[in-house]
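One chain is shown next in structure tokens, namely the form predicted alone.
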């Protein structure tokens, strides 16, 4: 579908609820006429700096071996250029490393040592991301310390327990923005599942799964069980439905419906998304009751917190 060329977009910033700490930073850029891309990066960095948020950035919950591993992606809706990083252990701002990938390399994704090398080359400072609070939670969560020399079987046995701990398996921050020129951008950052198997990547650094953005139609980003969003290509599915003419809420329902029947190892699947269309309509969905998202648009003196619409994911 080819959209009309005449429309009046609303300057807008939307985020998952834990993105509230970054809303002022993002809105300051948008309200001054800055770009959507600058706004979502700046907003995400604020959350990455927040030691009280153990699902993103500094003080994120570590993997099974007690190592904090960060993932992020960022996408420019005007050009559909994107950058993504995974398995970053020594730099607290993976969203900015992702932007460096997008703008300074002919690549889309870097992981591990390569992502950290780029961070150092663009002037970022390495540091220890594991705080005493996060380390204490890890020791309690894994029932004792695991070391790199532990047997493979022991790590595999511990992974099975992740699904019995839903409080620690779903956490990420999402930001979506429209700037005064009508351009869109999106950013996602996470420390991933607490106590995850070392090297695990979820949907956050996977363009089309946890993050997708296209000026012509809209943008979407996910939190929850990243493995489901990868298998359902959830963010891209929603934007594709917008491109086919579906209204925003219908497109969001369709993205959730595409997850129906996907088997999960145990318990109920957890999925949340935020989305907007090119006209500035926005929504939030969740498979769980009692969740929220935040939004700030022209004419508002501050952001508002809005309930997500609950949509169940049908089991197999």
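Numbering follows the first chain given and starts at 1. Just so you know, these numbers come straight off a predicted model, no measurement behind them.
Although it is not shown, the form predicted together with a small molecule is what the next lines describe.
**Student:** 218 to 226, 133 to 141, 238 to 246, 99 to 107: which one contacts the small molecule in the predicted complex at 4.5 Å, heavy atom to heavy atom?
**Tutor:** Looking at the partner contacts, the answer comes out as 218 to 226.
**Student:** Find out whether any non-hydrogen atom of residue 192 is located within 4.5 angstroms of the small molecule in the predicted complex, and reply yes or no.
**Tutor:** Contact check for residue 192: yes, within 4.5 Å of the small molecule in the predicted complex.
**Student:** Answer yes if any heavy atom of residue 234 is within 4.5 Å of a heavy atom of the small molecule in the predicted complex; otherwise answer no.
**Tutor:** It does not: once the small molecule is placed as it appears in the predicted complex, residue 234 has no heavy atom within 4.5 Å of it.
**Student:** Test of understanding: in the predicted complex, would residue 87 fall inside 4.5 Å of the small molecule by heavy atoms?
**Tutor:** Residue 87 lies outside the contact set for the small molecule.
**Student:** Could you tell me if residue 200 has a non-hydrogen atom within 4.5 Å of the small molecule in the predicted complex?
**Tutor:** Yes - in the predicted complex, heavy atoms of residue 200 and the small molecule come within 4.5 Å of each other.
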